[in-house]
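To begin, one chain is listed below as structure tokens, in the form predicted alone.
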């Protein structure tokens, strides 16, 4: 024990203890993030005027002061990331699934790749031999370009400016219609290449066409021998012809990506949204419960019978929430007569979004199934990451 004015001698043990001392090792100190910081880190709070805490905290040392490591680790990602398929449409061309455990930047990367970087086959050149309809040649060619083709692009090569159209890089269709609705089912695949004569040779040589097929595509691609190439849907309307009208053309499809032109995009749309989270912060009972259920246009809430004539509101379908905020407006958005007390219901309902849980939907144009498209998008993102790593090393 030291008296006032005396100096205490610090031993080596005290120095070692002070050097290794960490306040977070004390048993009375709570571990992990405080609840309010954890809520800001993992949730977007949707207030009645605007969402808050929308940014993701990506800095690894953001929570060092409270002893929490915020760095991204491969082991943690592998344990937490998963994909849950929620719904597949009857025709198999629409897929809804949940992606859990990733950042919004990764989800958006998949969306952009699906829209712009997956190759498909689409009509690039339309040779119109005869068109007496009211549809101009340019408009007709534009409509033809947007017709999706059910052909696997991995089987074909890209056609460059210096290449000749051949059986490995071009698909040829012809159309000849008179006085009727012109639908995509009338497009006929030409496995031997173009029939339109580009240059007529002498009597001993074969006329030159707009393609240079060395052999039939049925021979080059056994997949198409018994399963001919067709448009993805047979009932797409191309034009309507009146009496005496006629359309005769030849369309050449080549491989491309949506970044070049939207006609090569394999999806009608690909979008995602964060998983909604609807929390009742207090009991909403009886008449207020019925008003809350009635106010929600998506039927997120339901009524629970508590017995003795009492009812209370419960959250039954939070995934259906579209953030219309009707449940957090004054009097649930109802018009209030004069003399009636107004209530602010923002304190009863909390609308949130889970930052690392995304509801993803892919709507394919029909060229490839949506599960195949997503798999190909993952491969493209993997290739990009490998190129970045190679350049950095």
Partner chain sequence: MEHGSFTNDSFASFTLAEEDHTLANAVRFMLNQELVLLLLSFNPFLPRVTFAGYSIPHPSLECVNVRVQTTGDPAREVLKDACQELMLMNRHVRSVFDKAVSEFKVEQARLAAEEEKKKKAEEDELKKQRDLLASMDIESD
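Positions refer to the first chain, counted from 1. From a predicted model like this one, the values you see are computed outputs, not experimental measurements.
One more form of this protein exists, namely the form predicted together with its partner chain; it is left out here, but the text below deals with it.
Taking the partner from elsewhere, no residue among 175, 214 and 221 has a non-hydrogen atom within 4.5 angstroms of its partner chain in the predicted bound form.
Of the candidates 233, 271, 158, 81, 81 is the one whose heavy atoms come within 4.5 Å of its partner chain in the predicted bound form; the others do not. Shown without its partner, this chain lists 290, 103, 185, 195 as candidates; in the predicted bound form, only 103 has a non-hydrogen atom within 4.5 angstroms of its partner chain. Residue contact with its partner chain in the predicted bound form: residue 113 places a heavy atom within 4.5 Å of it. Contact check for residue 87: a non-hydrogen atom falls within 4.5 Å of its partner chain in the predicted bound form. Residue 312 falls outside the set of residues with a heavy atom inside 4.5 Å of its partner chain in the predicted bound form. Its partner chain in the predicted bound form is not approached by residue 350, whose heavy atoms all lie more than 4.5 angstroms from it. Checking 127-135, 89-97, 150-158, 177-185 against its partner chain in the predicted bound form, the stretch whose residues place heavy atoms within 4.5 Å of it is 89-97.
Residues 58, 59 are the members of 35-59 with a non-hydrogen atom no more than 4.5 angstroms from its partner chain in the predicted bound form.
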